[in-house]
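Have a look below at one chain only, the form predicted alone, in structure tokens format.
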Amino acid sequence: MSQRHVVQVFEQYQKARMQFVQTVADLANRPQNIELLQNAGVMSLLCPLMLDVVPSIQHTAALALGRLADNSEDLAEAVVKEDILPQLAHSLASQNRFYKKAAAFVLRAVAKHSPELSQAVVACRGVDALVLCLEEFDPGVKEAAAWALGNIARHNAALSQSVVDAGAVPLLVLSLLEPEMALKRIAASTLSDISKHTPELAQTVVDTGAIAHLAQMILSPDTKLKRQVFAALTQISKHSVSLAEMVIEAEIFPAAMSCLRDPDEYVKKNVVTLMREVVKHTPELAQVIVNCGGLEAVIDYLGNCHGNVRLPGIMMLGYVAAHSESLAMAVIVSKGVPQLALCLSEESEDHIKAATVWSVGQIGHHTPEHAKAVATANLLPKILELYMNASSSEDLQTKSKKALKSVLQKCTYLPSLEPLLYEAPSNILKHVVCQFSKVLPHDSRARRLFVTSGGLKKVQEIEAEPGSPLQEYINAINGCFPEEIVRYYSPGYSEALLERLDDYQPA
């Protein structure tokens, strides 16, 4: 057999290996093929090809492995069991850029599924290898490494800490300055994943100067970058007053308000979420956002969207109002109450209704004037209905009850209270009757209306335990009227009159 024949055998074998890994990589792109590939024993055939003498076969095998692990947690676990991770982590330091991208993709695909699989990547020194890749010249390698680090960091504080300890944060912040948009996006996303767990991790990100670089990108023309930038600023702001103040000091507002006119739903949602996280901390921070026109902007936003994206805006109004009478009044003046009433009637999800009811309670619980704004928007019967509805979630019922009680205890606007006399259960009714007992002694016009509207008659029909607070409030109301009027509207009075008629003998 000639030398040409021998060489031909090896060439054919190499072509066959190449064709195999390319075909598997293509098949692994479609989720419906994953189980078939797994059953065919694809892992045991791919693993040796990771060590192939031909670099292109090595990196295509890694790509195929990454796609398999990305689509299936079982196969991601198989990658760990086959002991491929240490080999990948080791080769990240020495191989060409194509292989590095593929190897980082495998680590990212394994890490995304669970904290346990991410821990396996950490245990094989994968994080150190990925951080080294952030120093590479090739932006594609940096992007692949940053993405894998984000997938590790997102699970919990301990995994995030391991990414920080490996020195990733300064290099991620530098990646924000690179010209490649994809790299900027993934760097911002990973910084967000690191920051979200604890104040200490967020502080580490802030200490590397991340806020200033993120602030420069809020008006970027790139939609996906803006989403990640606002998400990262939100994750930093949420932890503490000092971190939120640092975000405010970067002069992100009022510039960020213009992004509430962005066509992208998630850019707008992330801006409003950032505002919510800032205003919740202190009255002073809430006032900064209010002074920038934040309330009007958020109320407009709520009028132009539906569903879950409304949630941060609804809560933002509640957090602002919770701080003080004047901030709650600012929400009322900005027409926040009618917009919340609209959200309550339009939304079907209980968790959105619960947030809306909570915010309404935060607005109305300060003074009679605040409570009147809630009452005149016809919100009290709606909230009562949600509280009494058996199909409402437990959280919605709890929040409805709490909001009702807190607003009722301040409400002195009787026309809005009267319908509740007919519908409220006794635990809510006592608060309604209590308000009448406070107002009626001092308002003759209200007393007259209370009689003509049927309110006094209804109060006489309430069955209260003798000596209970409810009975005391009823007694106080009855004390505001002449005895014969009270008797006239008491149950059984007409029958008593008829009995007297039967006994009456004309002269």
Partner chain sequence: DMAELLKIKREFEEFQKEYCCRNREAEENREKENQAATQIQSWFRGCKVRAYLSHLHKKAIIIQKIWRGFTARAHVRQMVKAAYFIMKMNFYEEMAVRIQRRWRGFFVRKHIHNFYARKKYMEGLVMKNELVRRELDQLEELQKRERDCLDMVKEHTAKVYQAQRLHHLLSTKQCPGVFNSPFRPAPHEMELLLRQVKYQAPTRLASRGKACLLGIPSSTSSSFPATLGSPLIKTSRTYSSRPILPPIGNKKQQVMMVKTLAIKDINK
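Positions refer to the first chain, counted from 1. Quick caveat, the model's predicted, so the values are computed rather than measured.
Heads up, the form predicted together with the partner chain isn't pictured, but that's what we're talking about next.
J.: Just one of 235-243, 313-321, 170-178, 283-291 has heavy atoms within 4.5 Å of the partner chain in the predicted bound form; which?
T.: Among the candidates, contact is made by 283-291.
J.: Is there a heavy atom of Glu347 no more than 4.5 Å from a heavy atom of the partner chain in the predicted bound form?
T.: Heavy-atom contact with the partner chain at 4.5 Å: absent for Glu347.
J.: Taking the partner chain as it sits in the predicted bound form, is Asn308 near enough to touch it, meaning that at least one heavy atom pair lies within 4.5 angstroms?
T.: Outside the cut-off, so no.
J.: Could you confirm whether His351 comes within 4.5 Å of the partner chain in the predicted bound form, counting heavy atoms only?
T.: No, His351 stays farther than 4.5 Å from the partner chain in the predicted bound form.
J.: Is there a heavy atom of Ala297 lying 4.5 Å or less from a heavy atom of the partner chain in the predicted bound form?
T.: Judged by the heavy-atom cut-off of 4.5 Å, Ala297 is in contact with the partner chain in the predicted bound form.
J.: Counting any non-hydrogen atom inside 4.5 Å, which residue from Ser392, Thr412, Thr398, Ser334 sits next to the partner chain in the predicted bound form?
T.: Selected option: Ser334.
J.: Could you check which residue among Ala377, Leu302, Val163, Ala330 gets a heavy atom within 4.5 Å of the partner chain in the predicted bound form?
T.: Of Ala377, Leu302, Val163, Ala330, the residue with a heavy atom within 4.5 Å of the partner chain in the predicted bound form is Ala330.
J.: Pull the contact list for 223-260: residues with a heavy atom within 4.5 Å of the partner chain in the predicted bound form, in sequence order.
T.: Contacts from 223-260: Met257, Ser258.
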